[in-house]
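Here you get one chain, nothing else, as structure tokens; it is the form predicted alone.
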């Protein structure tokens, strides 16, 4: 790290392009009641009021982001258009220190991979500190002509746009430099948060954003990722090097809630539950999300070799017991103050073996389950050290680990099937399990060279390149390329769960597990057997999970630890006691008196609004909800035969097709007709339950019923009725 003198010299090279001073409002009942607009092309900075209608209809977080973005862009705006914005907001509950999981930020933009609206949630301190600095949301528009940073200082009540010509761009260095540069002293570093991307996001379309927090006990920076849909690529395309927020003095009443006593009582109850139940349930406090590795493997749901298979003999090499020994234990790991779930695990003193930082000792945030499964098992890599190195470099380069893992797995299958070869890859032997090739390909992305220039574009564009330039069969590529809407799949095998297929592909942003995770309800417990049951689940759970994104909440405290008597309740999958907790939290902060049912109504407004937004951008219709066939069933002979007994049984019992004496190819074809028909019927059922047309367009009467029949929204819908 630079010395204090070197930091000062670096900062002296900054040129302040614009300064904005403001009267910092006191946050009232969870809202600062204003948003911050920054145009980095014209250098305009201004405040916008938060109207009562915004709070009533769009709540905060993702809702505010979408509303601001809707009014900033036009029908033809693309991801790299100057008018495209990056919007960041928490919500009214965001920043609460008495309840676990309240430090989330929601980031929204038009995605370079999906070419429609993408939203991503992220931990770290930025969102809460932004709000306590006086801003419910930040919208950044325009494209700078040189590398710049935006600095928001809540104590000084100033916002500046500054050039930053000398700071390195990679996150693990840049976030440390800017934290030290803008903190008043060592103790003040915990009051600073930095948002950055990295050099990988400059050359790829699957770039992520890193949101920092200062870990007091470890004495260093840690980062959380807004990973999905290429938000980091938009960030770097705008020549944004970083965002910095500084706000000292966070306390238990910083949200100025309507009833602090209710919040405190609800929080105490939840903290007690985590302390008594977590070690008997998911062990989030000691192992975090990687506990899912062995669970998914046991149920044949762990992605292996580009989602061909659901388990592997080498899985024990990367299960939670392995990570438990590598993670630092005994240090609280929450990514916001007061989070007793503390699932944000860290590996310290890790020596890098490759790349520009080879030989350096670094801290690795993670891996989360999605990373370990994505860059690990899905690529046939069962080496913890390789997974950690890929995790570190994805983060510091600003590359989404989920999209990267799924993309590399696709490339490896293409290589092994002869669709591409060493001539195409520049000599890289992209076989499953080749950790050296996976790492080198990632370094090529960061350098902007070689086959990395193709790999960084994401699966949808790669398929077209392979078909157009290499003569590959586009139909086969579409079958095995695990993307929907241009977003790469997150890491669960959905073949045996029709509801989970819908939970991935019948989404607004694409196949991300944070909308509806229904595998166990559907496949394991058979709780939603009919199309109507599945449609009801695909109505409720996406809306329930949307609500977390409106309020700055993490979903893990909802269902990754549950009350001891939860299995005895009428609807254990909804965790009703925790739903009541969130009702109390919202009312305690805002002074409102909503019910469980109103939570779903609040989310329905934003969810359907986002669907209309996508339609406005030329997406969002039924055809865009099509899924790659591998998400539903076996594409190849090897896949079928790996589960032959299961699939033969399905042909007999469900299809009425006798597999006896039939070739694998005949059985594949018969099963495919059935599974594709099932998915079409699921779409019909889900659209009907959501109050949408058969073409996936929210009906005007639905918009009226939920109270968002604004003229400009209705006009978009009318074009498709």
Partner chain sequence: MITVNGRNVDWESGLTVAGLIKKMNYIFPQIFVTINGDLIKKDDYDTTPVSDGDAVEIIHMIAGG
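This one's a predicted model, so the numbers in the text were calculated from it and none came from an experiment. Numbering follows the first chain given and starts at 1.
Here the subject shifts to the form predicted in complex with its partner chain, a form of this protein not shown in this document.
J.: Whether residue 295 contacts its partner chain in the predicted bound form should be assessed with a 4.5 Å heavy atom distance threshold; does it?
T.: Heavy-atom contact with its partner chain at 4.5 Å: present for residue 295.
J.: Residue 541 near its partner chain in the predicted bound form, any heavy atom under 4.5 Å?
T.: Contact with its partner chain, yes.
J.: Do residue 167 and its partner chain share at least one heavy atom pair within 4.5 Å in the predicted bound form?
T.: Result no; residue 167 lies far from its partner chain in the predicted bound form.
J.: Should residue 492 be counted as a contact of its partner chain in the predicted bound form, where contact means heavy atoms within 4.5 Å?
T.: Heavy-atom contact with its partner chain at 4.5 Å: present for residue 492.
J.: I need to confirm a contact call. Of 556, 362, 73, 274, which residue comes within 4.5 Å of its partner chain in the predicted bound form, counting heavy atoms only?
T.: Checking each option against its partner chain in the predicted bound form, the one that comes within 4.5 Å is 556.
J.: Only one of 153, 202, 648, 560 comes within 4.5 Å of its partner chain in the predicted bound form by heavy atoms, so just point that one out.
T.: Flagged contact: 560.
J.: In terms of non-hydrogen atoms within 4.5 angstroms, which of the given stretches 603 to 611, 287 to 295, 479 to 487, 244 to 252 touches its partner chain in the predicted bound form?
T.: In short, 287 to 295.
J.: With its partner chain taken in the predicted bound form, which residues across 569 to 590 come within 4.5 angstroms through any non-hydrogen atom?
T.: Heavy-atom contacts to its partner chain in the predicted bound form: 572, 573, 575.
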